[in-house]
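Considered here are two forms of the same protein chain, supplied as structure tokens in two stand-alone entries, structure 1 and structure 2.
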Structure 1
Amino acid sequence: MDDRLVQTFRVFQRTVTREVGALQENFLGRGRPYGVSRLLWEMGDGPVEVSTLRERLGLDAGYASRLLKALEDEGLVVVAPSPDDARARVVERTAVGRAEAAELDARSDETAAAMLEHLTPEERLEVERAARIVTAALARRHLTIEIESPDSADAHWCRDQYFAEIDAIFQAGYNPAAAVSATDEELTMPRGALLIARLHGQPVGCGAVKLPPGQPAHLKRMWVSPAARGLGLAGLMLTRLESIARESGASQVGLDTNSALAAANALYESRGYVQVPRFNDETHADRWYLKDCDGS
């Protein structure tokens, strides 16, 4: 590999470990040992199996058990037997734990902002763009996107997350039964395909395409978990879905969406999708896009 790139990365690594590392130790040190804070911070809201968490953070079983006990003793999390498997346990932040995690987040943001406050607004924009590129490049190695059966457990999980999220976003809620269909058969080759994206092996996103013969391919269920946003994942899935559509012989790709989903719509437009009049009766949509497979 290029010498200059390696040199750049040496300097990058030294600088970044010093800065970001110091920042991290700074905001995670709040009267608690670092390991305990980190666990609370990285746990996320919502229940997680202890084994999952342990694996994600690379902790020894005994050590993790004690760290969790420390958090439990402080009233920051509750640990309960898993409903699926009585051997396993699930952790979840309590209200106090969520508040404490929010405080950690706020401190993190504050110190991160301090790192950048001496920059001019133009420089900040440039740095933001650059940080995105670096982040995406570093994460890419742990990111996989694969065609998967729509009835796999992870596919179900992503679909449920997706439905829950748009149900919360749309004022009128989201009713899958009222939506344009996307059955398991319709999302299985040759009638369509479903992609599942994983980061460090954990499902973090999905995207699907229906391939009705002689008609434009139709994108469905584009979703990226909050845990994986900012990594350019949606763009990667979109590229992949478009190439599936092209290979299946489709000459156009279309989709319906809602103006409330601003980030997604911005992506579509940046990729050459053009807004067209309503072309289906999807009740949750108020925008329709179309793109020619050979590039708009």
Structure 2
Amino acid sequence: MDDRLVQTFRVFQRTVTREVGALQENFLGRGRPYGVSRLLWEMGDGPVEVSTLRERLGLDAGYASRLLKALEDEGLVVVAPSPDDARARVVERTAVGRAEAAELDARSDETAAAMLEHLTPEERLEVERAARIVTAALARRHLTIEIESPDSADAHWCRDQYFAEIDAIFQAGYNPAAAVSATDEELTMPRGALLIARLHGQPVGCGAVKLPPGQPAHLKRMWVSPAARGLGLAGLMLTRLESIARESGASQVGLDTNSALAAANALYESRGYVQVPRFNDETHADRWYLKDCDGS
């Protein structure tokens, strides 16, 4: 490894930890160090297994227990035995904890804005690009994309998050019952496949493909959690789905989408998908795309 690169990265680490206040006992003015607040933020609205949090943040058992004890003492979380496994523990935010997590989010946004405020517009763009590159490069080794049963708990969670997001985006909302079908059977090999993407073991995205014999493969339910956007995850899932379609013998891959999904449409067009006339009865769509499996 080039020593100059190592030293440059170390300077970057020191600068970031200082600027975000990670060394302060009173992180963001909330009376606790960074590690305790980060654990509260990371658990989401839960409940979540303590072992999952430890794995996600790379914490040993003793340190994680001390952080959780600090949160319990403040009345921000409740730790209890798992209802599914008596040997495991789960943790969940209390109402006070949820309010505190929202406050931490707001103060973190303010701190980030203050750090960027003194930069010129050009410098802000450079910092944004650099942050995206560093985040993607370092996070990708903790990212997995695997074919999964569409009736798993994580598959249901991703599906529900996807439905809720597009329901909020589409002007007329989204009604799954009125959409072109994507049943569990249609998303199970050999009729199709569902991918679940995980970051640090947690679901952060999904994508599916239907494989009707003698017809173009059909992409469905492409979604990436806001927490994982900027990592190139959508492109990675798209590549995997196209590979599944090609291996199944499909000569083309098609999809229906909505013009309100600007980022998704930009991705499809950048990957060689060509807009074509309507080819199905999807009521929520106003755009249809096709791409030859050989990339032409």
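All of these numbers come straight from a predicted model, not from anything done at the bench. Start at 1 and count along the sequence of structure 1; that gives the residue numbers used here. So that the term is clear: the rigid core is the largest set of C-alpha atoms that superpose within 1.5 Å between two forms.
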**Request:** Quick one: identify the form predicted in complex with the DNA, either 1 or 2.
**Result:** 1
**Prompt:** By the 2 angstroms cut-off, has the C-alpha of G235 moved between structures 1 and 2 once the rigid core is superposed?
**Reply:** no
**Asked** Honestly, after the rigid core fit, is F279 moving at least 2 Å at Cα between structures 1 and 2?
**Response** no
**Request:** Would you tell me if A260 moves between structures 1 and 2 by 2 Å or more at its C-alpha, with the rigid core held superposed?
**Result:** no
**Fill in**
Students should find the CA displacement of T111 between structures 1 and 2, rigid core aligned, in Å, to be 6.7
**Message:** I need the CA movement of G75 between structures 1 and 2 once the rigid core is aligned, reported in Å.
**Reply:** 10.0
**Asked** By how many angstrom is the CA atom of L57 displaced between structures 1 and 2 after fitting on the core?
**Response** 4.0
